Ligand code: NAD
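Next up: just one chain, as structure tokens, the form predicted on its own.
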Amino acid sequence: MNCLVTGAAGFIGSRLCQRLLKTGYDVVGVDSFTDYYPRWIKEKNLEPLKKEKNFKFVEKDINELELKNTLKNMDCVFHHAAQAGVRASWGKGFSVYSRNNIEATQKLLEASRDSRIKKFIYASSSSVYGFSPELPMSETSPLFPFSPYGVTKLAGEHLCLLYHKNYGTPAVSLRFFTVYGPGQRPDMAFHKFFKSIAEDKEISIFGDGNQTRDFTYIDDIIDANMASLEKGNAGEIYNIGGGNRNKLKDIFPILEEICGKKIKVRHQDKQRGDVLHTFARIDKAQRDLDYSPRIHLQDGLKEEWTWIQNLYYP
């Protein structure tokens, strides 16, 4: 089977490529190396992939790629490329999000119309829920995105549904909830926390620490992607979460135990676009995808701490 993975140099995309190759698939990875975070980190993500004979890498913007030719021999598409980050999506930066998250998705779906692909898997986000009044959040909960980023991810979901309804495109959308683990982007909380701890610096948190998140380990996210390839129902949306939620401030004793250091915390004002709570109801993914998160938070954080040390202080 031939698979296209967009965002192949990123946190989730690179790990997905590794799993696909290990499973025996041929993979074409596409990434444009947007400057949201340092290129060298993405290059390190690619290092093990470029050693694989069944992996081909294309450095290109999806908006500029000849997509019909790219998809000609593909059996499936994993669309993980996106401009990430809630806080940077305001103001003038929104045009980048619109181009990379909405326009690129539409172009890829349009090119998929006449292709032979059997599954189009779109990486969405819990950000589409925003200040949804329901906890846990189900796929039918009200959607109130609280950031421009969330709006663009929801637009991508709508495009997937439109192309499925009008053209039969076998699109499945996966809403990821706060992904962590080895490879995590440097703008994300645990990556920043671990780096600060390693350097004996203060940890900055926005708000009082009572906000809650449903943290999902990277391997569980990859399991869901793989299950969606075989079991995901076209036209459907699935929550992919860790199955429980934690207060941010309750994570600090865990980090202290893992790192063997006391943590110094500095509180900052709450940021625009940050929601108070996320919590995934995963019944649908359990039923349709046989999804079951396997990695406990403390175990996953230990793995990320080891990775952070090897990344910055080998």
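Residue indices: 1-based, along the sequence shown. Small disclaimer: the values here were computed from a predicted structure and weren't measured.
Not on display, but discussed next: the form predicted in complex with nicotinamide-adenine-dinucleotide.
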Give a yes/no on whether Gln286 approaches nicotinamide-adenine-dinucleotide to within 4.5 Å in the predicted complex, heavy atoms considered.
no
Even though nicotinamide-adenine-dinucleotide is not shown here, does Phe193 get within 4.5 Å of it in the predicted complex, heavy atoms only?
no
Is there any non-hydrogen atom of Lys60 lying within 4.5 Å of nicotinamide-adenine-dinucleotide in the predicted complex?
yes
Taking heavy atoms only, is Val77 within 4.5 angstroms of nicotinamide-adenine-dinucleotide in the predicted complex?
no
Segment that reaches nicotinamide-adenine-dinucleotide in the predicted complex - one of 254-262, 33-41, 276-284, 48-56, heavy atoms within 4.5 Å
33-41
Exactly one residue in Met137, Ala123, Ala224, Ile205 has a non-hydrogen atom within 4.5 Å of nicotinamide-adenine-dinucleotide in the predicted complex; which is it?
Ala123
Could you work out which of Lys118, Arg87, Lys107, Arg185 is the residue within 4.5 angstroms of nicotinamide-adenine-dinucleotide in the predicted complex, going by heavy atoms?
Arg185
Counting only heavy atoms, which residues in 135-173 are within 4.5 Å of nicotinamide-adenine-dinucleotide in the predicted complex?
Tyr149, Lys153
